[in-house]
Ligand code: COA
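Only one chain comes next, encoded as structure tokens, the form predicted alone.
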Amino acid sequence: MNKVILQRSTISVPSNREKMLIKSKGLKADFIMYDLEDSVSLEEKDKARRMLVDFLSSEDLNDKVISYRINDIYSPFAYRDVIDIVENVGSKIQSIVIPKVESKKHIIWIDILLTQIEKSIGLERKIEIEPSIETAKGVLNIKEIIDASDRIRSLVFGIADYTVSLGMFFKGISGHGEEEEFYPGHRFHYPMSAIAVAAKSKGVLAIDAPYGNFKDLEGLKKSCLISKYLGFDGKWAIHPSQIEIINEVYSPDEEDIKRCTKIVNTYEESIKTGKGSASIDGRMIDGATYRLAKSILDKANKIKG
């Protein structure tokens, strides 16, 4: 990626719950994602949309990076989710999460609609798009999806609906990645790797699905570590108690910073002497090692501000 974009934690907030909307102002997540989809019942879709417009219109959230999730584009709610929110509070929106994206036409439709609204209201900044890959078809079509628009900020993994799509059995209650010990490996390795590869091929972020058991902080940490080392940049949270751990795992720790600083300094010194590689403790470092270490330090500097 050309620049460091920080989206370690994205907290999902139901838009039909007034107390949760108010509480979201104090949350320490990198992104606040106001939800109009799965956390809102069919009977309250219109109400949730109105509540979100009223909340964002009346509250000063300048220090928050704001996203929101629309309903399935084949539902009778999605077009109003885009039009009503963007026309009224588009200047406060960084991105829109599109659920269950399966082909480029889903992205193109949103892109064209956003272009029309932005011109209509005089919004100079482009609102970004975060496609959620949640089905077998979405994974198979991931290249055409990532190529469909220059608005795409990230690809998001939707673990529960992906499980449904493949007819997988699951343990636990939520189906969001908890209690996976019954399987001798990591059964979501393929779709997650496909998402990470596609995202990074375009220089955008890869964001992991939420971990369903918000009381199991050790399980959350393990889930974060798996996606972090697959190339993911962050993870959704479903409860405020998860934010701190998510931010911590997706941030370089002091050991990382110390090790990468040593690598960068050693390599830069070797370059001054005309060498293309060097060694630390009997292990070779070269240009690729240098770029790896530099990327970690860049992220650490971004977090520190």
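In this text, residue numbers run from 1 along the sequence as written. Just so it is clear, the model here is predicted, and its values are computed rather than measured.
Note that the form predicted together with ligand COA isn't included here; everything after this is about it.
- Across the proposed site, Lys19, Lys23 and Pro210 without exception bring a heavy atom within 4.5 Å of ligand COA in the model of the complex.
- You can rule out all but one of 42 to 50, 273 to 281, 235 to 243, 252 to 260: in the model of the complex, only 235 to 243 has residues with a heavy atom within 4.5 Å of ligand COA.
- Within 4.5 Å of any heavy atom of ligand COA in the model of the complex lies no heavy atom of Asp30.
- Contact annotation for Phe214: at least one heavy atom lies within 4.5 Å of ligand COA in the model of the complex.
- Although the partner is absent from this view, Ile11 contacts ligand COA in the model of the complex, with a non-hydrogen atom inside 4.5 angstroms.
- Whereas the displayed form keeps them at a certain spacing, the CA atoms of Glu43 and Ser174 lie at least 3 angstroms farther apart in the model of the complex.
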